[in-house]
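Only one chain is given next, in structure tokens, and it is the form predicted alone.
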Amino acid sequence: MAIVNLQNVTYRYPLTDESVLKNINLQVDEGEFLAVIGPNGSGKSTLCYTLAGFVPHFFKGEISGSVEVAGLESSASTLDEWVMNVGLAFQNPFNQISGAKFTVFEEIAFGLENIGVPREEMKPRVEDAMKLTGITDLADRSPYSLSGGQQQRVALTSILVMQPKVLVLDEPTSQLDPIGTREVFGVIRTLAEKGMTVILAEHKVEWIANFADRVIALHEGQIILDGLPGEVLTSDILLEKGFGISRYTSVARKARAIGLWKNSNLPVTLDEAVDGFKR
């Protein structure tokens, strides 16, 4: 059953002439892990903002079509109603910390305080969310004393404690080192395994191949591919349109041209490449 339903969505930012999203039709089932790929400027972040209600409630501009999430229609809802169903994590974890709290525990509880959750309910919700993301040991640390990966996990926990139905992530590992990336993707995998609907805009295609159920490719504001990770991430169309592709896909494609890759399918990950060359 679709929890996200976009029908013919076109959006243009204020004071601009060209639409950033063009006739987007997208359905995402409850519990599905959807990855969104595309070159810079393809509309990935704008799609995330649209799903999170920031378009058009915060950024304004001109939008047409229908955006429905968890039974609510964007144009007929307020932003404060919308964010109770959809949580959005940005690229820079530092920018997501409120600055109003001294410890990680208090930071995570901040959103619950703002909506008036009783204290006796707040504490177990924070503890459960921290356990889920593996940051219980950080509870008494200052959010500003953490690494980038730890800060992003705190930001994710601050969203999860609000119990949204859909989690939208806009390149959450773009500013993280490999260790931080592994930490954050570990959390995302845990959430997906527990049945949360996850929509992830990301450049790191090898990670996407390992975790996503489905991938869409955006180019100049339009969806040009939609399918299984192994099909979309190895498509020749990505090369033609200037997408970043996996190094393993690139090597295997060159090997196939000289008769050294015998598999019908191209690899995206290291394990797939090793297995293919062994054969």
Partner chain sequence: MQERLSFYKKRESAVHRLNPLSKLTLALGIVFVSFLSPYYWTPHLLILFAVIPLSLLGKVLREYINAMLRLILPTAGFLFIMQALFQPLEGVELFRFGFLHPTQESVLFAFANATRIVVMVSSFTIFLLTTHPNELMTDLTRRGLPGQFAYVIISTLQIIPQMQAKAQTIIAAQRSRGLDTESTFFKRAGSLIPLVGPLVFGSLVEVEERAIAIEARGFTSTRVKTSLNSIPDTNKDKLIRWSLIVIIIVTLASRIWLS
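Residue numbers count along the first chain shown, from 1. All figures in this text were calculated on a predicted structure; none of them were measured in a lab.
Another form, the form predicted in complex with the partner chain, is not on view; read the next lines as being about it.
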Handout entry: in the model of the complex, the residue from 116, 71, 178, 195 that sits within 4.5 Å of the partner chain by heavy atoms
Key = 116
Fill in the blank from the handout: Partner-free chain; cross-checking the partner chain in the model of the complex, the single residue of 138, 129, 159, 166 with a heavy atom within 4.5 Å is 159
Exercise for the section: Find out whether any non-hydrogen atom of residue 111 is located within 4.5 angstroms of the partner chain in the model of the complex, and reply yes or no. Expected result: yes
Handout entry: Non-hydrogen atom contact residue 77 with the partner chain in the model of the complex at 4.5 angstroms
Key = no
Exercise for the section: Find out whether any non-hydrogen atom of residue 96 is located within 4.5 angstroms of the partner chain in the model of the complex, and reply yes or no. Expected result: yes
Practice task
Indicate whether residue 59 is a 4.5 Å heavy atom neighbour of the partner chain in the model of the complex.
Solution key: yes
Exercise for the section: Mind telling me which stretch in 129 to 137, 201 to 209, 79 to 87, 184 to 192 gets its heavy atoms within 4.5 Å of the partner chain in the model of the complex? Expected result: 79 to 87
Handout entry: 4.5 Å heavy atom contact with the partner chain in the model of the complex for all of 10, 219 and 243
Key = no
